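Single chain ahead, by itself, as structure tokens, in the form predicted alone.
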Amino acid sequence: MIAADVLERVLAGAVSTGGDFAEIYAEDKRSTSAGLDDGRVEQVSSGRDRGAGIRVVAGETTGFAYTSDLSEPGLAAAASAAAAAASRGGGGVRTVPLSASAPHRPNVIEQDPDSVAKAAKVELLERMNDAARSFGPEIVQVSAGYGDSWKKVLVANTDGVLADDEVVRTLLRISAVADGDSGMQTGYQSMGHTVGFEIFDTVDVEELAREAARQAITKLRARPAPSGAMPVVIKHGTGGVLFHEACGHGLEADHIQKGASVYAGKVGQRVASPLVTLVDDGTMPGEWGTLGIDDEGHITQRNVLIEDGILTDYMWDYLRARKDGRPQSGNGRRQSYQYLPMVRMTNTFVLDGPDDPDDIIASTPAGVYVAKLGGGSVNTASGDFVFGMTEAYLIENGEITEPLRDGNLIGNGPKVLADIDMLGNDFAMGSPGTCGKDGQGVPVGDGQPTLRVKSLTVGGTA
């Protein structure tokens, strides 16, 4: 993408006025998307974007500039702008020798989606539309979308790092609307992996569509969700987003250093049930948040954050790790070359526990079973959160019974972690997600086995 000697000269120029550290992040990305709504293909589009972001750090000050011009003069101009923003003076000449690291490729791509005709991608949407509509006459509207992307990144910095990565992502989503006596209800399913078009050799797209239709039709006969504190059982896979929001963000080192996290200063202390081991792992083959390197050129890794209920570590990027004298953890991420990196999760999940998921249901006399969680938000300073339930059922006498209308789960992250009293042995990753933080969105994965929280507030209307 950019020759090594050019990178060396640009980096040397970036720190020539006294900067402590300089970094070049270059990116070349192409993408394709298609959308179908109400039985018609609404759009098929392709795009490409390339550019570089240059960061210069001088003491506690960071300067940043980006450009779509990857020529040496274009890069030098951006480096000069970033250095001017960060410089504290000092001058001098600094040589920047770069040493290329061995490629780290956790994902194996068998069929580049870019080599597949757009008609084949549209056909996936048409098959899903037909499958959802044929599930039942109640289905009155179907919306489906397809997306794929290829991204090559290159990272070089004045610590001598020179690393690159290629990431391919493939995504499919479907929404089905059912109409009945109780009004309209929606079901939603999605599938996304860091693999190529070969994913559709193993994924049954019709079944994905039928599942969305089933959700929508089931909710037509739903009763209002109860209100108040009660046991809540969360199905495997769907509840990983709760851990992402309720404790994952609070374990990011920028929140820790600002004192804006309920988990600050608690390494070595019990913060969860002894059943809980929480991991962030950017190396999981095929998962949505998987990368060969993070967006600062550091090889991704498996980080155990909570082990048997004890807080063991936080997630780190370059600046936060440098400030505390800690090694990076592969969690420096950015939305694109137009943004600075920050501490972000990759794939965050809870490991298997000892319990059979059927026993978890059977040992719950009354409560709520959440089959699918929706979006949520958390206050990292207090740990308080709210999540939507997009598919949920009553538990009565140890059995899953009537479906419930959409409601909320309201609670506090540390308390929920402590109140997990049963944890299944049926671990599964959930749907692909986009994590938003400080105006940036990045792809993330999450997952967990079936679990029970002995008391959690349900915000229903009953």
Partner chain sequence: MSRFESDLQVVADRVVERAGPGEQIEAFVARGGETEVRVYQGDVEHFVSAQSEGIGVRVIRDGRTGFAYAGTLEDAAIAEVLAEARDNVQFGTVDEWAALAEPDGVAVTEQPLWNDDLAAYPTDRKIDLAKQLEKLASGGDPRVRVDDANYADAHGESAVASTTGIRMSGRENGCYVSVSTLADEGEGDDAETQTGFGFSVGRSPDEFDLDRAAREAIDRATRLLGATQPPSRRVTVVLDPYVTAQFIGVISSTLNGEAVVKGRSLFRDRLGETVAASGVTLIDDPTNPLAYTATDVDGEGLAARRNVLIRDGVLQQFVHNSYSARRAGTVSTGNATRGGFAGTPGVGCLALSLEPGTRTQDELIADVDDGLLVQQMQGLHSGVNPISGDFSTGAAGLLISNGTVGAPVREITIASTLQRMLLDIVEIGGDIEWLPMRSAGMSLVIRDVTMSGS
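Positions refer to the first chain, counted from 1. Predicted, not measured: the structure shown is a model, and the values here were computed from it.
Just so it is clear, the following notes concern the form predicted together with its partner chain, a form of the same protein that is not shown.
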| item | value |
| --- | --- |
| Candidate site 46, 228 and 407: all three near its partner chain in the predicted bound form by heavy atom within 4.5 Å | yes |
| Stretch in contact in the predicted bound form with its partner chain, which is absent here, among 200 to 208, 174 to 182, 277 to 285, 309 to 317 (heavy atoms within 4.5 Å) | 174 to 182 |
| Partner contact for residue 369 in the predicted bound form: its partner chain, 4.5 angstroms, heavy atom | no |
| Non-hydrogen atom contact residue 401 with its partner chain in the predicted bound form at 4.5 angstroms | no |
| Non-hydrogen atom contact residue 387 with its partner chain in the predicted bound form at 4.5 angstroms | yes |
| Any non-hydrogen atom of residue 142 within 4.5 angstroms of its partner chain in the predicted bound form | yes |
| Among the candidates 299, 351, 76, 85, the residue which, in the predicted bound form, approaches its partner chain to within 4.5 Å (heavy atoms) | 85 |
| In the predicted bound form, the one of 361, 260, 167, 191 near its partner chain [non-hydrogen atom within 4.5 angstroms] | 260 |
| Sequence-ordered list of residues in 49 to 63 near its partner chain in the predicted bound form, where near means a heavy atom within 4.5 Å | 49, 50, 60, 61, 62, 63 |
